[in-house]
Ligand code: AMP
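Given as structure tokens, the chain that follows is alone and in the form predicted alone.
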Amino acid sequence: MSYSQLNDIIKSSKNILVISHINPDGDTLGSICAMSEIIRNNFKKECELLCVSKIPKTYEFLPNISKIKTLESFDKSREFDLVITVDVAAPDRMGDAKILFDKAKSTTNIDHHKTNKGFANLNIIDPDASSCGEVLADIFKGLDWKINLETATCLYTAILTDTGSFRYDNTTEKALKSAADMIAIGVKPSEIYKKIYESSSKNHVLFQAYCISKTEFCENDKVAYTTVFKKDIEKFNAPEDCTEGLTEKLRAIVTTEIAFVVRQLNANMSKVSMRSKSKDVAEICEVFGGGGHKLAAGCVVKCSVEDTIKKILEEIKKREI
């Protein structure tokens, strides 16, 4: 794949905006911070960063994370020369930041989701990559851009989190080589691991224990799901990223084939996170306008939590488990 067009666009653009997806994870945050550092370090330009959702405290260690702005602090009438989306599988995954994307003179979409249809002027999508961080590592190396320790830290975090600490099926030889390249630059794996996976608050752990305790099973225990209500988050004073890793814990049950978590956004809207051991859950999430990967996907359903569960189970039952 030729990346020269991206180099030319960045070089000719005076003002650049990079957008992450809503409800950000380690991959999209690592990627947005890496883009900021790589552009500053190689083009001597400052780009602006935008995320419409609150940043989880877990990732506050990332270089450039403090530069990420919220939509409330943005002048929505602005027009950028270039808007780059990272790890954004579909336009609606930008949330209300899409208004700035639509007005841009030029747009670039960098991603790794197989459900990404390519919605920008320039689309760099590698569905075989473990993460958007891996895609960016390929781009940076392909263009011979200098990757400093700050950039490497961001890329390693993106790859680490989207491979589940190198445990998921997307942990390929290439993913490990990309991570190894970042370690060669100076990244300390044990330090990153502790910051991400061993820094949970007491409330976070107790909240997840509560959610797991009310797990429901069906289809001969092949399907496991639980719910997350706003009142429970408030009761436990749980952090923004309180559901991080929860779906994976349900999938880890030996009988589970498909696991999902339904989180209440409001009375008539729910966020669904799905994981599977072998079934294509991206196919299920696409029914509701979402998407992702075969074994890890998500969607937002315009229904109450109870109705969302019914709809998801109906779709699961249509498929042989």
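Residue numbers run from 1 along the displayed sequence. None of these values were measured; they are calculated from a predicted model.
Separately, the form predicted together with the ligand exists; it is not shown, and the next lines address it.
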Only one of these stretches, 285-293, 65-73, 251-259, 50-58, has heavy atoms within 4.5 Å of the ligand in the model of the complex; which one is it? 285-293
Taking heavy atoms only, is residue 297 within 4.5 angstroms of the ligand in the model of the complex? yes
Does residue 275 make contact with the ligand in the model of the complex, using a 4.5 Å heavy atom cut-off? yes
Under a 4.5 Å heavy atom criterion, is residue 228 part of the interface with the ligand in the model of the complex? no
Would you classify residue 175 as touching the ligand in the model of the complex, given a 4.5 Å non-hydrogen atom cut-off? no
Within 4.5 Å, heavy atoms only, which of 94, 89, 160, 152 is in contact with the ligand in the model of the complex? 89
Since the partner is left out here, which residues of 43-70 would have a heavy atom within 4.5 Å of the ligand in the model of the complex? none
